[in-house]
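We begin with a single chain expressed as structure tokens, specifically the form predicted alone.
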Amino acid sequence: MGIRKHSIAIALAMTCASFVGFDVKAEDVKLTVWSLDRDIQPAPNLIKEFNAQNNGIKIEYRQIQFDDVVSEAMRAYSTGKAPDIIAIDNPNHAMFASRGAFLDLTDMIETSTVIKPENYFPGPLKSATWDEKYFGVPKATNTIALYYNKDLFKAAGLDPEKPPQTWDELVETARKLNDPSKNIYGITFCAKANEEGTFQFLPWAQMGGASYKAINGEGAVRALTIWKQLLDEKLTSPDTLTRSQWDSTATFNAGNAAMAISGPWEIDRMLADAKFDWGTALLPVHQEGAQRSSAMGDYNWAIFSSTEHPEEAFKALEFFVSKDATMYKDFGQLPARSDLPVPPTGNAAKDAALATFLEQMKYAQPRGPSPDWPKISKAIQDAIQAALTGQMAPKAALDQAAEKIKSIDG
């Protein structure tokens, strides 16, 4: 009897152990993702779709605020409380990668059948790269181009199908379209003393043959001189120095500026607000045949190096990337990939504008990459403001910026 009881006890113990083992095996791996995205934007929706797969990995989502991303993410990493995955603004990517905060994904990307570097536009891919290794994956992208009012072109005797192609043509066109009696400026853009100002100016410097490491190159000086000329001749509004891209484009939408430099995020608002025929064109270049450039915005996905689940986190990134083809249709964001055409929307003006921005993306360059980008950007912003307000000549302002950047970047 004792032997029988003992046998039953062993059997029960083994059964319980097997159930415990089953529970442990069946428990989902938990990942956390931080992003700015609201409920109508990609991250929470992609995560919901990922979790619905019931593949043994569950993602918890936290929305963070724009002003808190860098400080909160760096604090979380330094205290051992970082999420597994974060969506980071592309110019801030190098800050984390260079400090070892982001996981090197090079080997995983090399064997991935989903994430293929050759599929990306060069600019977005470069922004996720540090020391020739991949520390992230582009999430989405955007750039800037020239919007112009075709009706005002016609009224001024200009061909509405021939927007300006060079800087000189841009200035001359702005002069012909400028009409103070009707409260119409020739052009509007953003020269604000923040990242938006750098975002808009840097492509001009690059098209002039300069770079952020040589921001005082001859072409960059000429670019800033032209910006000052547009302000001095009142071809653009004086509050160009203080208005955001969004606000300056509203001036164009209202019919009070004949041209505007802005991004694809404006298309839907323009379709709703602009009561005139408008078109888009690539940013004018330094001179005919010169190199093109453009700004590059939006976010990258990255995995923190402190994650306890690198393989599962990478699977999540692969899933997100697998949905890139629907990025514009579902969320109105351009995929960072050259192999994915944006499907036609059925609106001729919208489709033409999207085609312009996709063409412009071929030339878009990241800001940096540099681990000290915020300081570098501040030096450029200060130079823009000093020159445009008449405190310093454009060359002197950019010379000063170049010295500051050299001391920062080495």
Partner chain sequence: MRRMISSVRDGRGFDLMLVGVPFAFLFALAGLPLIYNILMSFQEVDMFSLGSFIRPFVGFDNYAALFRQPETWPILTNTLVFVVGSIAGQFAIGFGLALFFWTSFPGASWLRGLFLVSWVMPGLVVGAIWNWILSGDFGVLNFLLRESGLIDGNIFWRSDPNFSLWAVIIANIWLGTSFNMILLSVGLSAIPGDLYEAAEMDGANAWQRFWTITLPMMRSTIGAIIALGLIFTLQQFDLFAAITDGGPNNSSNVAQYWAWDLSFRQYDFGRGATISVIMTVFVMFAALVYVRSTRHEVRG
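Residue numbers count along the first chain shown, from 1. Not measured: the values here are computed from a predicted model.
Same protein, other form: the form predicted together with its partner chain, not shown, and the subject of what follows.
Colleague: Please pick, from Lys213, Arg99, Lys116, Lys176, the one residue with any non-hydrogen atom lying within 4.5 angstroms of its partner chain in the model of the complex.
Modeller: By the 4.5 Å criterion, the partner-contacting residue is Arg99.
Colleague: Looking at Lys192, Arg222, Lys315, Arg337 here, can you tell me which has any non-hydrogen atom within 4.5 angstroms of its partner chain in the model of the complex?
Modeller: Among Lys192, Arg222, Lys315, Arg337, a heavy atom within 4.5 Å of its partner chain in the model of the complex occurs only for Lys192.
Colleague: Contact check in the model of the complex: Gln63, Asp298 and Lys323 versus its partner chain, with a cutoff of 4.5 Å between any heavy atoms. Do all three pass?
Modeller: Heavy-atom distance to its partner chain in the model of the complex: none of the three under 4.5 Å.
Colleague: Just one of 345-353, 42-50, 359-367, 378-386 has heavy atoms within 4.5 Å of its partner chain in the model of the complex; which?
Modeller: Answer to the contact question: 378-386.
Colleague: Should Pro374 be classed as touching its partner chain in the model of the complex when contacts are defined as heavy atoms within 4.5 Å?
Modeller: Although its partner chain is absent here, Pro374 would touch it in the model of the complex, with heavy atoms inside 4.5 Å.
Colleague: Considering non-hydrogen atoms and a 4.5 Å limit, does its partner chain approach Asn256 in the model of the complex?
Modeller: Asn256: yes, in contact with its partner chain in the model of the complex.
Colleague: Are any of the heavy atoms in Gly289 no more than 4.5 Å from a heavy atom of its partner chain in the model of the complex?
Modeller: Because no heavy atom of Gly289 falls inside 4.5 Å of its partner chain in the model of the complex, the answer is no.
Colleague: Report yes if any heavy atom of Thr242 sits within 4.5 Å of a heavy atom of its partner chain in the model of the complex; otherwise report no.
Modeller: Looking in the model of the complex, residue contacts with its partner chain include Thr242, since a heavy atom lies within 4.5 Å.
Colleague: Considering only 77-91, what residues come within 4.5 Å of its partner chain in the model of the complex, judged by heavy atoms?
Modeller: Read in sequence order, the residues that approach its partner chain (within 4.5 Å, in the model of the complex) are Tyr77, Ser78, Thr79.
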